[in-house]
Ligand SMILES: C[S@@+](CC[C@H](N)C(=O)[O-])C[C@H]1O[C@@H](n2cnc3c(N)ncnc32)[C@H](O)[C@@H]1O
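One chain comes next, on its own, written as structure tokens: the form predicted alone.
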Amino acid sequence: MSEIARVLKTFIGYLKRPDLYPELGRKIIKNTVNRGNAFKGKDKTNSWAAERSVSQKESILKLFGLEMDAFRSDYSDALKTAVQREKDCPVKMGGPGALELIYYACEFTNAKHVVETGVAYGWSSLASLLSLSKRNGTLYSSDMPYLAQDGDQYVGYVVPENLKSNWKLFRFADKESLPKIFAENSVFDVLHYDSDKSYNGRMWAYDELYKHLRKGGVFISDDIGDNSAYQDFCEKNNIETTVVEYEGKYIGVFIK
């Protein structure tokens, strides 16, 4: 699909969904007036992140006092099935991230309430749900429909049926989803951010999510090297953060 066709299809998809009009307005501003916003402070933060980054294994041991090696063997069948599901999916989305980091954050906090932004195939959702299901906890997920790909029905495609009873999926942009999620549950054990990558989008969401994280809870943000929002947020709030290098990208994680 050409870029023009994709943009047109996305625009028509928005027009068919009045509940998404607020996000359409924000997207137009983001891609015109605020176009440079996505990369604000990128070089500064990549230098900062590179200086302090550790491996996923080191971060899990340092923050949670846990070894991560058991995850792949304990859930080998579930992970194998998920890999096959991704291969079978007709829509292409983002692949798995640092699954162990998410899973062991949930284990460390004995999580019963987790919120994530950004779902795609549902790899991070799967990692959270494998832990939450032990305590009959709930994962609250915010994810925009994939309007250009007719991909709505494939969001969370790798999450198996037996885990879906512990999962609530809100199909709006974060600015609409998060207030709905917080109305259902106001305090969370783990937060995982992987949605709007713009500087302004992150700063708004980080502030909102942080307010709803319990003391001792874990905050995780993917792709923090895109701009300086995560670094600026941590400095503003005097947060000592760990930076994880994973497959050439940086993840921010801290315990509140």
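The first residue of the shown sequence is 1; numbering continues from there. Remember, predicted model here, so these are calculated numbers, not experimental data.
One more form of this protein, predicted in complex with the ligand, exists but is not displayed; see below.
Undergrad: Using a 4.5 Å heavy atom cut-off, indicate which stretch of 227-235, 211-219, 62-70, 191-199 touches the ligand in the model of the complex.
TA: Looking at the partner contacts, the answer comes out as 191-199.
Undergrad: Residue-level contact is defined here as any heavy atom of the residue lying within 4.5 Å of the ligand in the model of the complex; does residue 181 satisfy this criterion?
TA: Contact check for residue 181: no, nothing within 4.5 Å of the ligand in the model of the complex.
Undergrad: Whether residue 100 contacts the ligand in the model of the complex should be assessed with a 4.5 Å heavy atom distance threshold; does it?
TA: Residue 100: no, not in contact with the ligand in the model of the complex.
Undergrad: Does the ligand come within 4.5 Å of any heavy atom of residue 144 in the model of the complex?
TA: Judged by the heavy-atom cut-off of 4.5 Å, residue 144 is in contact with the ligand in the model of the complex.
Undergrad: Give a yes or no for residue 119: in the model of the complex, does one of its heavy atoms lie within 4.5 Å of a heavy atom belonging to the ligand?
TA: Although the ligand is absent here, residue 119 would touch it in the model of the complex, with heavy atoms inside 4.5 Å.
Undergrad: Using a 4.5 Å heavy atom cut-off, which residue among 106, 130, 82, 173 comes into contact with the ligand in the model of the complex?
TA: Contact check passes for 173.
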